[in-house]
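Below you'll find only one chain, the form predicted alone, shown as structure tokens.
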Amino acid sequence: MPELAEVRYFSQRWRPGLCKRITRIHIHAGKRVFRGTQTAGLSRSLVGQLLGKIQTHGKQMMFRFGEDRWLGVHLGMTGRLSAKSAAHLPSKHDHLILYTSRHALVFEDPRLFGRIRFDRSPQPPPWWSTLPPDLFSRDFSARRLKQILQKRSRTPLKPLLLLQDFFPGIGNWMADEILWQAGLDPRLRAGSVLHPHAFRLHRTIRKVARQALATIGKNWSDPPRSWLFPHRWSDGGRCPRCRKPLIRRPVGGRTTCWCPACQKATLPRRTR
């Protein structure tokens, strides 16, 4: 499933439509991606409007049209955004296309796990305004992270980092990367991560997110080879730090990769 950086990348595929007027819309109204959305109202409301703003938050995207129209996109597992020529003809999996005079802004999703939302209101809709703090916001502080670790003290670190209510945008590969760079075993209980490890984890979350946005999020390029990222995808990989074999097995129901030599399986109860 696309994570924070992949979502940023795909959101920018619609940049050719910024400040352009929507002339017509193609929509597969009966598809599951529109669950809970009145597609007729969406079509009526967006034709004639300018795309004014593109935003992302974790795994969510929002596109603002005019002063009071809000289109939300979640890619699910196989969703993609792209911009094609205005002559583009809809294919089977093109469930929403916003046409301008020069481009077709396409949302495709073969497996239909994504979601399209639409609201018309003076302020951003609740599904956007109630999202948890962004990983770079002041509200996502080291203190907040410590509170999360204590609140979910019995949860292993890997599945905890995947909870979007706390860590918007972090998915499977990012969680593995964060824990590897922080030197923490993914099976550790959250409540065992105290100072200074909690502060290190907080810094690492932001570092990995920032670098992912600067590479994958910018032009789909890979992060550095010194990261776990290029070595985690198949059995037989070796840790880029110590060159020892990596472990790949489920943790919390998700395939997880880590280095047993570099990632501490136990932490001291107290540090001075």
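Not measured: the values here are computed from a predicted model. Position 1 is the first residue in the sequence shown; the rest follow in order.
Separately, the form predicted in complex with the DNA exists; it is not shown, and the next lines address it.
S.K.: Spot the stretch among 99-107, 118-126, 86-94, 131-139 with residues whose non-hydrogen atoms come within 4.5 Å of the DNA in the model of the complex.
M.R.: That would be 86-94.
S.K.: Only one of 197, 144, 152, 187 gets a heavy atom within 4.5 Å of the DNA in the model of the complex. Which one?
M.R.: Answer to the contact question: 152.
S.K.: When the DNA is placed as it is in the model of the complex, are 1, 74 and 172 each within 4.5 Å of it, taking any non-hydrogen atom of the residue?
M.R.: All three within 4.5 Å in the model of the complex.
S.K.: Since only the chain is shown here, I'm wondering whether residue 183 would be in contact with the DNA in the model of the complex (any heavy atom pair within 4.5 Å).
M.R.: No - in the model of the complex, heavy atoms of residue 183 and the DNA never come within 4.5 Å of each other.
S.K.: Taking heavy atoms only, is residue 254 within 4.5 angstroms of the DNA in the model of the complex?
M.R.: Looking in the model of the complex, residue contacts with the DNA include residue 254, since a heavy atom lies within 4.5 Å.
S.K.: Is residue 32 near the DNA? Define near as a heavy atom within 4.5 Å, in the model of the complex.
M.R.: Close contact exists here: in the model of the complex, residue 32 approaches the DNA to within 4.5 Å, heavy atoms only.
S.K.: What residues of 230-245, in sequence order, lie within 4.5 Å of the DNA in the model of the complex by heavy atom?
M.R.: Result: 233 alone.
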